[in-house]
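The chain below stands alone and is given as structure tokens, in the form predicted on its own.
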Amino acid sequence: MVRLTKNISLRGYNSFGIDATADLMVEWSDAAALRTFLAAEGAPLIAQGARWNILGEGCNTLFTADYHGTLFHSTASRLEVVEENDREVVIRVESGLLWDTVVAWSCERGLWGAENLSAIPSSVGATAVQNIGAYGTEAKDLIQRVEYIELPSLEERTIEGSDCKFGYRESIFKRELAGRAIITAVHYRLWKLPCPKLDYGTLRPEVERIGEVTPSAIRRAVESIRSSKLPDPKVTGNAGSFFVNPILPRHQVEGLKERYPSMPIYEVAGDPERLKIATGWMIDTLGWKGKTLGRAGVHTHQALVLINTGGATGEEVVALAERICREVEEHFGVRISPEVNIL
């Protein structure tokens, strides 16, 4: 089924709670229906020069004005086991299902791999676009393959996870296939044998406090840590981490470390010549934590998170982000960029 809504309010479709509208929202419940619609009457909506975008849960999107174009939103939500053996389970999940529902399903069955990615407000489709990550795990560690509709041919395609060019908050869907693919389903590989990842931040002591090492216990620990640091978007508008952590040449980071010994740095898997630094630490060092600019502000417990303190426009959030970027570059000589999709 495909449902079309003109001049739709987006307040309930973005976690910043920005009051904006879209000319047209196309909601689709399964890939076949979307493909049929595009072939029959939707081609002009995705034609060259037409403005369109894909909107998942709106948890990584900031609207700066009314969206004069078409937004495609998946409501497809089926989850099914497609492969299973003594060691692993492969599930196929349609793109509109909430990612945390997948994590809960996995943990309830004692399956390993997804637990560290608990409480991330994302749709399944977005996990493959953004390569979501937390507590030492990334979506790429689980994604076996991705199904998508190729545009403008409308062919149904499948791409292996190993070919998705996953990187830190990066994928082929943000580069070569940007504007050329609508993700319809993602296949994830989960494990039956224990493979806990606890050596990130305060995760291990929180799991030890719970008293057992199971997927469900790790999920509870992650939920507890995240809720203590991150604001609930249902209460305070935000999109989680607003900025990415820069990955820089090792010599540049080592120079920064000499100047700022307390600066956190992280190794980059597979790339010994580069290191990742903490944007939140730099923003906090500049004194931005808890401060506001107009009706936009920086969260009191996590400097990576920009918030809507009440009635903020997208332009106000962008103005705050630009000011922070400018001060970080002036002070540290490091350019930072948004993780959030600004429309």
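All figures in this text were calculated on a predicted structure; none of them were measured in a lab. Residues carry their position along the shown sequence, with the first being 1.
In what follows, reference is made to the form predicted in complex with a small molecule, a form of this protein that is not presented.
At a distance of at most 4.5 angstroms from the small molecule in the model of the complex, none of the three residues Tyr13, Arg35 and Asn53 contributes a non-hydrogen atom. Taking Lys192, Lys257, Arg204, Arg169 one by one, only a single residue has any non-hydrogen atom within 4.5 Å of the small molecule in the model of the complex, and it is Arg169. Partner proximity in the model of the complex, defined as non-hydrogen atoms within 4.5 angstroms of the small molecule, places exactly one of 243 to 251, 84 to 92, 176 to 184, 140 to 148 at the interface: 243 to 251.
Contact between Ala278 and the small molecule in the model of the complex is found at the 4.5 Å heavy atom cutoff. When the small molecule is considered in the model of the complex, Phe72 lies well away from it, no heavy atom lying within 4.5 Å. Using a 4.5 angstroms threshold between heavy atoms, Trp105 stays clear of the small molecule in the model of the complex. Within this chain, Ala296 is remote from the site of the small molecule in the model of the complex, having no heavy atom within 4.5 Å.
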